[in-house]
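Only one chain comes next, encoded as structure tokens, the form predicted on its own.
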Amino acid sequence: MIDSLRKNCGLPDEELMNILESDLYDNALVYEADIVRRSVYGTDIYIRGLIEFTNYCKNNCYYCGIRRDNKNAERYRLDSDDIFKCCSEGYSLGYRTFVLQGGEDMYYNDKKICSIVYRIKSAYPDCAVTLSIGERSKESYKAFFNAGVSRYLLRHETADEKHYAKLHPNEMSLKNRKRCLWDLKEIGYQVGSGFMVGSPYQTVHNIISDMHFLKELDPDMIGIGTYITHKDTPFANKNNGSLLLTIRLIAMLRLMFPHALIPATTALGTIHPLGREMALKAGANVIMPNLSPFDIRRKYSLYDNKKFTGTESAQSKESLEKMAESLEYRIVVDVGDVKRL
């Protein structure tokens, strides 16, 4: 079964379920995933400087701490100068990709986003700019691309319509989320998608649907993270997702998508002290430390107890390098584009 995953042959759902529901294959999955990762990317780990520039959001997703109706959220917006200072510091530290992430905040219209991106690219033409700002029109995506954005991250969260409806209000639709992803691919972006592991009401059948959708989309980046609840959401009393299932899925996805850029997410580092290290050993090859101004990091609270200090901080690059070396990998100063086979 593992060999079939590696060849991306499209395992029958019953066999996928067997792997997902058992820990019998975990050691073999992690071992094979590391071999595949090294065959494409060697021991390189790419670092991205994450700038969380707004926690305003027009959406009301039931799982998210910055949802529109969370009155306890301390809202903030960074202006162009704030964002540029983050990039300037990041560049001096050796970061060559900047990820601008925020809620779906329409204050940042196309003109504002393009101006920010143009300023960054003009000062640092050897760097890549990634956006993660949610659902926009195809025309907006084209404008961002023309301004210099080369990557876009947009998790589909779940590929099952019924499950999607349990996680989001009626004004949001999986159909539109998928439309955005296909638009991004058509325009020419390196596209990232992914899903939450262990989100409320998720079944193993939902996860299999996610894997089928990712195979159809064939993204350049795949971000999955363990679901962690937030006290100020309708899901406050729901259980967190499983770390071990997340690691299992990272390994499976590495086997299925040898080319993919797969992050060891902050959520993994939050749910377990060695969560990111476990993800890297299972095939992940990207880390996105936080470059945001320190005084606002706690305010970008998608889930409870989010880590933003220690190796989660972009200023701790030396600690990241030591961590990578302990795993027999290395942090590289590189834009870190996808390597299609």
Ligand code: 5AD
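Numbers for residues come from their place in the sequence shown, where the first is 1. From a predicted model like this one, the values you see are computed outputs, not experimental measurements.
Although not depicted, the form predicted together with this ligand is the subject of the following passage.
Think of it this way: in the model of the complex, this ligand has a heavy atom of just one of Ala260, Ile247, Ile228, Ala264 within 4.5 Å, and the residue is Ile228.
Note on the partner interface in the model of the complex: the residue among Asp220, Glu157, Glu104, Asp183 having a heavy atom within 4.5 angstroms of this ligand is Glu157. Residue contact with this ligand in the model of the complex: Val149 places no heavy atom within 4.5 Å of it. Under a 4.5 angstroms non-hydrogen atom cutoff, this ligand in the model of the complex has Met196 among its neighbouring residues.
At a distance threshold of 4.5 angstroms between non-hydrogen atoms, Leu302 is in contact with this ligand in the model of the complex. By the criterion of a heavy atom within 4.5 Å, Ile45 is excluded from the residues contacting this ligand in the model of the complex. Stretch-level contact analysis of 28-36, 57-65, 290-298, 273-281 against this ligand in the model of the complex, using heavy atoms and a 4.5 Å limit, identifies 57-65.
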